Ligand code: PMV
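First, one chain by itself in structure tokens, the form predicted alone.
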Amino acid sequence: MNYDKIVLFESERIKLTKKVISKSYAKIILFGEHSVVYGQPAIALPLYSVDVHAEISLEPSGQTLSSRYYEGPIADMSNNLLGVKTLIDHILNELGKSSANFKMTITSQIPSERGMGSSAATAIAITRALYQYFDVPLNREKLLKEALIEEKITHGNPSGIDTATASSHFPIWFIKHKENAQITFNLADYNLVIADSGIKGKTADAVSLIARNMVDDSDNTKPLIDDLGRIATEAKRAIITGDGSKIGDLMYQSQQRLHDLGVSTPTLDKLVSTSKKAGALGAKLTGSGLGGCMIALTDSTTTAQRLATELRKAGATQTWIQSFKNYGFNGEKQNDNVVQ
């Protein structure tokens, strides 16, 4: 019996069956929409129940992608997925694997263009999967840098908060180019209800609107941006001390500032009003606005479930409930030495 051939056959079998799966999360901005672009702080949460999976398996030849938007060779991807294609090509080139054969399958529960970080979560999942597939260590700093390649193409001038949150296991405090840290989160008895307005958010339009107004109407626009930063700072203290009522009040304040900035819509305003009538402690839009989602804070699961029903009656196309029990931790540094 030729044992060398058996060993060789076994090695090839392992290679042919190799498969890796990586994961990332949807994100919700709790406080700091738009103001984060201008150096103000923001607070964002990963949504564990709404995620993205990227699976890579060995193929006999070629590089293909399977997703809800595209099926086929990566080389033939259309311009509306240019960010994803550029990211994949960049990582393969950087790792010296441009000629590797594989199939990538992306499965996402995140609705697109709803302010939940769909593109960022996809970029994080892809980056993790490729590094894991080729057995290359990946630290958090590198992960965020790589994923930002896709985000810059897709969104132009991203703050980085989407990729920071999609890659995190914990709520984060974020200041552009300065801070990306965990928050001690003492709100275990509270729930967040997320409602999809059914209208695609218009991130580029919303960002451009505020950028123009920061130049053309700075006397009115800058104070609103600064106040959103003040609200986020107060919210951080309330989160640490577990003051849910204060957080709710700050959410309503934030919604008013975002409305005054021109990024809310009649549909989002209606969902916020519905939340208030149904007993929410606070409610506001989340993300860029001009569509997308809103969020509401409740102090019990029963209220959250009732509110979700009322929001669907009011026109929300989909709702999610995120318990804050999973966010209970002591603020110790997340281990990002190796991301898998």
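A quick note: this is a predicted structure, and the numbers were derived from the prediction, not measured. Position 1 is the first residue in the sequence shown; the rest follow in order.
Same protein, other form: the form predicted in complex with the named molecule, not shown, and the subject of what follows.
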property: Listed residue (208, 220, 157, 78) with a non-hydrogen atom within 4.5 angstroms of the named molecule in the model of the complex; result: 157
property: 29, 26, 297, 54 - the one with a heavy atom within 4.5 Å of the named molecule in the model of the complex; result: 29
property: Segment assignment from 309-317, 276-284, 34-42, 54-62: heavy atom within 4.5 Å of the named molecule in the model of the complex; result: 34-42
property: 4.5 angstroms heavy atom contact with the named molecule in the model of the complex for residue 150; result: no
property: The named molecule contact in the model of the complex: residue 191, any heavy atom under 4.5 Å; result: no
property: Touches the named molecule in the model of the complex: residue 168 (any heavy atom, 4.5 Å); result: no
property: Non-hydrogen atom contact residue 265 with the named molecule in the model of the complex at 4.5 angstroms; result: no
